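As a starting point, one isolated chain is supplied in structure tokens, in the form predicted on its own.
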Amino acid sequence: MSKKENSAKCVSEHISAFKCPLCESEMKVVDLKSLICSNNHTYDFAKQGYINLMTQQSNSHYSKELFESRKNIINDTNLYAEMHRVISNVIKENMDISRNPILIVDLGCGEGSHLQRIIDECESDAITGVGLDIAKEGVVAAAKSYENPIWLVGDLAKSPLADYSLHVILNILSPSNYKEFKRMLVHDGLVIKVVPGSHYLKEVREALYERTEKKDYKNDETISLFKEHFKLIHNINLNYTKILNKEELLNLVRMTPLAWSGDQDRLNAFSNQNSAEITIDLEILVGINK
């Protein structure tokens, strides 16, 4: 079975989780080729194994190079391995993944490596992953690398996912839409949101910017807003450092939007170090849909 057919088959098995992003009507998979709604809006599966459900063209700043670097950082350095372990443990502790079919969606999935690693850590055949991102380059990369999750190009504001269709929402270092999260989650479903702490990648920020620029993150408002929409059951802090080599530092710079407006000379100097210690400082907010 081709990647295209495999993707279509997987979507057909979970078709009740989908709605048309244009008219919100029910959908069906036809001939393992297309996803068609009851009003005949048609979306074709791509040969790489994803489906584009955007209703209008998006101009993303995220490049193919950025997603390649992100994949390399996640898979080759294990820089986020502790985060993957913690999130998978939260899922296993709060969801019955032994028998019941579980849909886990990563909203803002990028090139898919976070979702794939978390699913792998969960070690359950009951789990199906869904990755959605507005950046086509990221979703194409995800579909090329990882066959089993369902990969969607889509806009969270016009989500192709149906009401009360998801059991777990992952939102990792990405913007949120809590109104949509609540609509899509089953009752007592989990939202796991990862936000940067004040020291997250501090070495990159200190190297690229003057002391008065882009230095500190404050999460008070983020946490407060999260608690307005969901019952907060865990607030987990992760803080550790890891030494990256020269090639890994270059990938780190390429993957982070911090480098987009940083001084080029500073960027080059940081990337050309033989090695450097990098700080991961994250808050993992775990909420239940109330």
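In case it trips you up, residue 1 is the first one in the sequence shown, and so on. In this text the structure is predicted, and so the values were computed from the model without any measurement.
What comes next is about the form predicted together with a small molecule, which does not appear here.
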Practice task
Determine whether any heavy atom of Ser174 comes within 4.5 Å of a heavy atom of the small molecule in the predicted bound form, and answer yes or no.
Solution key: yes
Exercise for the section: Would you check, heavy atoms only and a 4.5 Å threshold, whether Asp155 touches the small molecule in the predicted bound form? Expected result: yes
Practice task
Considering only heavy atoms, tell me if His167 and the small molecule come within 4.5 Å of each other in the predicted bound form.
Solution key: no
Problem - Gly197, heavy atom within 4.5 angstroms of the small molecule in the predicted bound form - result: no
Problem - Option touching the small molecule, based on a heavy atom within 4.5 Å in the predicted bound form, out of Ile104, Val204, Ile87, Ile74 - result: Ile74
Handout entry: in the predicted bound form, the one of Gly189, Gly110, Gly129, Pro160 near the small molecule [non-hydrogen atom within 4.5 angstroms]
Key = Gly110
Exercise for the section: Would you point out which of 221 to 229, 37 to 45, 60 to 68, 242 to 250 contains residues with a non-hydrogen atom within 4.5 Å of the small molecule in the predicted bound form? Expected result: 60 to 68
